[in-house]
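Here we start with a single chain on its own, the form predicted alone, put down as structure tokens.
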Amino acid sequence: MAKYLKNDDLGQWLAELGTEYKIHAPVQEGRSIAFRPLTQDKILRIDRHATIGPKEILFPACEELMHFSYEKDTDNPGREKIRVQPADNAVPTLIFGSRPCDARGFDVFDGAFTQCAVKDNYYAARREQAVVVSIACTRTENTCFCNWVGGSPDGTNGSDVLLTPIQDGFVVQPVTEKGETLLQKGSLLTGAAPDQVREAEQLRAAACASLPEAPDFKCMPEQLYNLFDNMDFWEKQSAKCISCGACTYLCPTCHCFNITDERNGNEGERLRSWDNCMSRQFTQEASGHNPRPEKAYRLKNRVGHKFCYFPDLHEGHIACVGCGRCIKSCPVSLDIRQVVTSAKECHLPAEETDNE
């Protein structure tokens, strides 16, 4: 059953939830909007898309996986004992104010970290204790293309609760059992009136209609495999890329990481830190060989992973949610929509297709 929350009651509702959850929400941070722990000195910003999305709440940019220490074995002085203490940083967390595209990014993480043969216990523990409250987009931006990749401005994948901003408040709808439980907390939610629900539906429908028609990407895996060795195509697409990696760090679905041990004397910690496939060092091997030596190879891998390799492994799900951050924040305005569209429309020379 849909509920209603007044604008004026939003702060109090979050304060009540804050007694049980650690709340992360989009707040003003300099000229950017980023998801940070919500405290009284922060300015909540839910009127536009966040510059930095919520993925690092469940997949931190740098986290301790375990603490270790060495001590001499008194029974065998030539050896050392190692004590290992795994980290446990999962706490009940409320992610408030994510957009449907960002919440859908958690579905991609679930596929990579919890639904494969080897489960990532660190991510899984955080995901289990997290509740995602998303806000439907009633206004899209010119970099939005969620409808190209299976999403929509009011999509609910990855969310537990969906809020739709209407005049003077929000229509609040549970999506999952977690969401149902959350909405039973607090006294500020009331039943939504039929005209409020109708207004929310109309606003969501208008936002969906405002997006350009989505191209059909069913052929993309096959087309990208066909273009795998066409380096002329990839060099042309990557010509202006400067390999800064902003696209990967801001992407709601990118999940590459590196693991390092940091030791100080007999104590140390094992850290997991974000890495990015657009960096030349990402695939640098100890021998000196690099299978992706040029940015054209790296862009091919990035686009191929999102629109070909990941869908092959995960029932066709594209590992891009169309948030548009990689377009908006790219220093040289490299547009992944143009790259994918060019790949889709690229006609291979007859001799290449004949040889397949």
Partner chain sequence: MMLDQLKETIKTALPELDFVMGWTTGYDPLHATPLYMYEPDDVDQLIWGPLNVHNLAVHLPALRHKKVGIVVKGCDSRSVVELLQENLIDRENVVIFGAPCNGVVDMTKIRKAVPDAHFARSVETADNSLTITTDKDTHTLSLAEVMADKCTRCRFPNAVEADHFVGEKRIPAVETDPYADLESFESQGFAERRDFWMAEMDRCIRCYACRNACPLCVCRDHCVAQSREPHWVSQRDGVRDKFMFQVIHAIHMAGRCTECGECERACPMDIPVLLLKRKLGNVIHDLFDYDAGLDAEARPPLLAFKLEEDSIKEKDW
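Predicted model only: the values in this text are computed from it and were never measured. Positions refer to the first chain, counted from 1.
Although not depicted, the form predicted in complex with the partner chain is the subject of the following passage.
Which of I135, A130, L271, V197 has a heavy atom within 4.5 Å of the partner chain in the model of the complex?
-> Filtering the options by heavy-atom distance leaves L271.
Answer option from Q223, T156, Q173, T143, heavy atom within 4.5 Å of the partner chain in the model of the complex | Flagged contact: T143.
Going by a heavy atom distance of 4.5 Å, is Q281 a contact of the partner chain in the model of the complex?
-> Close contact exists here: in the model of the complex, Q281 approaches the partner chain to within 4.5 Å, heavy atoms only.
Any chance L182 has a heavy atom within 4.5 Å of the partner chain in the model of the complex?
-> No, L182 stays farther than 4.5 Å from the partner chain in the model of the complex.
Is A61 close enough to touch the partner chain in the model of the complex, meaning at least one heavy atom pair within 4.5 Å?
-> Because a heavy atom of A61 falls inside 4.5 Å of the partner chain in the model of the complex, the answer is yes.
Is there a heavy atom of R31 lying 4.5 Å or less from a heavy atom of the partner chain in the model of the complex?
-> It does: once the partner chain is placed as it appears in the model of the complex, R31 has a heavy atom within 4.5 Å of it.
Name the stretch: of 174-182, 95-103, 148-156, 240-248, exactly one has residues whose heavy atoms fall within 4.5 Å of the partner chain in the model of the complex.
-> Single hit among the candidates: 240-248.
Looking in the model of the complex, is the partner chain within 4.5 angstroms of a heavy atom from every one of N258, N264 and V332?
-> Judged in the model of the complex, N258, N264 and V332 all sit within 4.5 Å of the partner chain.
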